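Before any questions on binding or motion, here is one chain by itself as C-alpha cells, the form predicted alone.
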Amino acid sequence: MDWQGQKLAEQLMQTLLLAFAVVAFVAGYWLGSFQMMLLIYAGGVALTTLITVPNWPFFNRHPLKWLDPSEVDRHPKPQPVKSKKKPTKQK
C-alpha cells in the first residue's frame, strides 16, 4: 500500500465508522433496541475492516520508485555527525 493509499484507507475508515455509528444509533432509537444498535454497528465495523484492511489494488495507484541497487554506490548513506559537547555532571 502506498502513502496515498494509506491516507485513503484512513479517510474511508473514519467516514464509514461514523456513518455506521449514525445509522446504528438512529435504527436503535427508532426500534427501541440497544441490541439491534450494537449489531448494526458491529456489522459496520466488520464491513469497514473488509474494505480498509486488505491491500486492494485501488490502494496502490501511486507506487513508490525505489533506488536501483546499482545506484547505491553513487549515493552513500549519510554518516551521523559527532558532537563535541562536554558531558554534563549528574547530581
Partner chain sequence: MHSFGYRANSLLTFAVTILAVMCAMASFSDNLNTPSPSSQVEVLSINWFQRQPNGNDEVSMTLNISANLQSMFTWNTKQVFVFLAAEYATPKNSLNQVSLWDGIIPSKEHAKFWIHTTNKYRFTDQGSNLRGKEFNLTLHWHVMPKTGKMFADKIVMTGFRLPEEYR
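Residue numbers count along the first chain shown, from 1. Values in this document were obtained by computation on a predicted structure and should not be read as measured data.
Below: the form predicted in complex with the partner chain, not depicted.
Chemist: Would residue 18 count as a contact of the partner chain in the predicted bound form, using a 4.5 angstroms cut-off between non-hydrogen atoms?
Modeler: Close contact exists here: in the predicted bound form, residue 18 approaches the partner chain to within 4.5 Å, heavy atoms only.
Chemist: Does residue 43 make contact with the partner chain in the predicted bound form, using a 4.5 Å heavy atom cut-off?
Modeler: Residue 43: no, not in contact with the partner chain in the predicted bound form.
Chemist: Decide whether residue 34 counts as a contact residue for the partner chain in the predicted bound form under a heavy atom distance cut-off of 4.5 Å.
Modeler: So residue 34 counts as contacting the partner chain.
Chemist: Please tell me whether any heavy atom belonging to residue 10 falls inside 4.5 Å of a heavy atom of the partner chain, as the geometry stands in the predicted bound form.
Modeler: Taking the distances in the predicted bound form, the answer for residue 10 is yes, it comes within 4.5 Å of the partner chain.
Chemist: Scan 28-60 and note down the residues that get a heavy atom within 4.5 Å of the partner chain in the predicted bound form; none is a fine answer too.
Modeler: 28, 29, 32, 33, 34, 37, 38, 41, 45, 48, 49, 52, 53, 54, 55 sit within 4.5 Å of the partner.
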